[in-house]
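The chain below stands alone and is given in structure tokens; this is the form predicted on its own.
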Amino acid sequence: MRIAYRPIVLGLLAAGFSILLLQRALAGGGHYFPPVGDPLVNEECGSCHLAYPPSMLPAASWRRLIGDLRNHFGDDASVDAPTAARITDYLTANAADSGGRRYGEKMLRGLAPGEAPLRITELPRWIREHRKVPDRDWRHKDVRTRANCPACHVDAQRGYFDE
């Protein structure tokens, strides 16, 4: 009796490939960063721009950003001290080098230890991922700034930054 190995091998390959795809989907893919889960942080930060996932920056960056809200990229985004403390605690606890390490370590690659950039767009990974975007796309009326992630990443609010 001859056993037909080809269908068995093809079935095993298909099952293995499906498992790999499922794992990637469950993990959110390589461009997934858990969105802000704290309602206060989401409200305060998200009222003017995307409430950026905390795992996109190291804790030192978040401390610098929240420490100077009077001059938040040219705007006064000041909040009272208890609110600032809660925002800082949440962002630093979930930063790329803290609780958000599983997702954020990839953003820190190429960043010198202790470096604390103020902009996600200054990170080597961000620059690498966006190097082929033409300048005219950044100037488009619906984009206008490199910090406007939702203009190109429609699921950015949910943490997905795939194209």
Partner chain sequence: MKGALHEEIAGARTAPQASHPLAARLAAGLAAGLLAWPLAALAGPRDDLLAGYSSAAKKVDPSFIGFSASRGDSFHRRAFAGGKAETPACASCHSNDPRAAGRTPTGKRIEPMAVSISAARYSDPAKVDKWFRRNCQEVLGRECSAQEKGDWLSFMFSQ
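Positions refer to the first chain, counted from 1. Everything numeric here is computed off the predicted structure, so don't read it as measured data.
There is another form of the same protein, the form predicted in complex with the partner chain; it is not shown, and what comes next is about it.
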Seminar exercise, completed: Heavy atom within 4.5 Å of the partner chain in the predicted bound form, from candidates 48, 60, 118, 133, belongs to 48
Problem set entry | Heavy atom of residue 82 within 4.5 Å of the partner chain in the predicted bound form | no
Exercise. Looking at the partner-bound form in the predicted bound form, is residue 139 within 4.5 Å of the partner chain by any heavy atom?
Worked result: no
Exercise. Should residue 129 be classed as touching the partner chain in the predicted bound form when contacts are defined as heavy atoms within 4.5 Å?
Worked result: no
For this session: Consider residue 44 of the chain shown here, and say whether it contacts the partner chain in the predicted bound form, taking contact as heavy atoms within 4.5 Å.
Result: yes
Problem set entry | Members of 124-160 lying within 4.5 angstroms of the partner chain, judged by heavy atom, in the predicted bound form | 141, 142, 144, 145, 147, 148, 157
